[in-house]
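Only one chain is given next, in structure tokens, and it is the form predicted alone.
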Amino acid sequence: MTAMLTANNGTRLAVLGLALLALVTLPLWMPGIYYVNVGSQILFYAVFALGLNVLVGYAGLVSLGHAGLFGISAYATGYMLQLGAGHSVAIVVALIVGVASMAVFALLSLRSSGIGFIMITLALGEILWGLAYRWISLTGGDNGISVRGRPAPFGYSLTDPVHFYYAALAVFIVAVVMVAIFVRSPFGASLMGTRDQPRRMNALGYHVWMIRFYACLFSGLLTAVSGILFVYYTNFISPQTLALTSSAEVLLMVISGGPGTLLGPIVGAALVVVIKTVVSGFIERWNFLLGAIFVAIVILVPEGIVPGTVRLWQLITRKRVSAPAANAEAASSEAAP
């Protein structure tokens, strides 16, 4: 058993190391800038999915309004830049606005859980979409807001797609480390306790509502970061970004990859972005393909791609370990007088 655990840990570290090496060297082996841009999309959508996963996977709260928070941060960035503010000021204001908006979301939606939480977040997301669509003097309506230029941290202009990719990669790595620390902290354990046994946690003296509220703030922070990366990538923000379909897409990323896991939302984001941006260029009915893949995931690996793959690998490893042991036991029994 100890040898099996050691082998699994070694395999996990090797896979993570290869994945990180592939991400760092992606601009070197990708055939063109187009795929580098696809990689950038995967990174900031993965940050978005990690933020939603804090609620869906670790708190047991399914949100259908996260695209509204994503869009608010993007709009805040674009609006501040239009007012003539610098990039640093725009980013800080967007982070504050995003977290503050999440706080309002939490105050309204944490009055209930389950279906009630889903419906309240859905309603709030639709309200934000309606405001973005109708408040033309602020949001530009269908015309949206254009963002000119990108930051140049440490003298490296992010106008270059490769530079932007590495900036997104740095933010992505920081986000993954933050989520990993969050999940393995005592607060993360208490959050998962509120997901599994809220009444028992309340009886033990934990403030269930406050734990969920802080989790919402952390989720809002990651969502705001992804919204800022999005608006700098596209240099444009419109009400379509806040639509229900955007919330459904990021929820699909979390569920397909594996809620409650660290790698699941990342794999799910890569799957959805690749199908939406790359495969759609070759298959006209790419929505049908995405739906078919999602149905297959729900039927074959209902826990998600990452947990299902881990379960399959453990099954194969267990058979490899048990087969020699069974052969040795059979041989010893035959040799016994």
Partner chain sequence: MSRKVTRRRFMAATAAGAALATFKFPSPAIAQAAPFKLGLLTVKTGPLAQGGIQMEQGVLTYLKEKNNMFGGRKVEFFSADTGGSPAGTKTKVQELIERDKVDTVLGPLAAFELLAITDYIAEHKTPMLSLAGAEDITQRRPNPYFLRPSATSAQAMHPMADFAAKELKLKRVVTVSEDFAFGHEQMGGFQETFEGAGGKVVNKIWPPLVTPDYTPFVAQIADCDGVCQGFAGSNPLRFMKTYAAAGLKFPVVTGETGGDDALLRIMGDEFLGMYSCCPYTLDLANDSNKRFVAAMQKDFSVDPGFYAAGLYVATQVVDEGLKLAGGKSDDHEALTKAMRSVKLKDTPRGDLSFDHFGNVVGDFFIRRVEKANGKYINKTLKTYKNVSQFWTYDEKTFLSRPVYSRNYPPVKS
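Just so you know, these numbers come straight off a predicted model, no measurement behind them. Numbering follows the first chain given and starts at 1.
Only in words, not in the display: the form predicted in complex with its partner chain, which the text now covers.
Worksheet item: So in the model of the complex, are 111, 190 and 209 all sitting within 4.5 Å of its partner chain, heavy atoms only?
Response: Zero of three within 4.5 Å in the model of the complex.
Worksheet item: Does any heavy atom of residue 134 come within 4.5 Å of a heavy atom of its partner chain in the model of the complex?
Response: Heavy-atom contact with its partner chain at 4.5 Å: present for residue 134.
Discussion item. Whether residue 280 contacts its partner chain in the model of the complex should be assessed with a 4.5 Å heavy atom distance threshold; does it?
Written reply: Result yes; residue 280 sits at the interface with its partner chain in the model of the complex.
Worksheet item: Closest heavy atom of residue 139 to its partner chain in the model of the complex, within 4.5 Å or not?
Response: Taking the distances in the model of the complex, the answer for residue 139 is no, it never comes within 4.5 Å of its partner chain.
Discussion item. With a cut-off of 4.5 Å between heavy atoms, is residue 34 one of the residues that contacts its partner chain in the model of the complex?
Written reply: Taking the distances in the model of the complex, the answer for residue 34 is yes, it comes within 4.5 Å of its partner chain.
Practice prompt. Let me know the one among 105, 75, 165, 230 whose heavy atoms come within 4.5 Å of its partner chain in the model of the complex, would you?
Written response: Selected option: 230.
Worksheet item: Quick one: of 157, 185, 202, 240, which gets a non-hydrogen atom within 4.5 angstroms of its partner chain in the model of the complex?
Response: When its partner chain is considered in the model of the complex, the option within 4.5 Å is 240.
Discussion item. Taking 4.5 angstroms as the heavy atom distance cut-off, pick the stretch from 177 to 185, 87 to 95, 252 to 260, 146 to 154 that is near its partner chain in the model of the complex.
Written reply: Going by heavy atoms within 4.5 Å, the stretch is 146 to 154.
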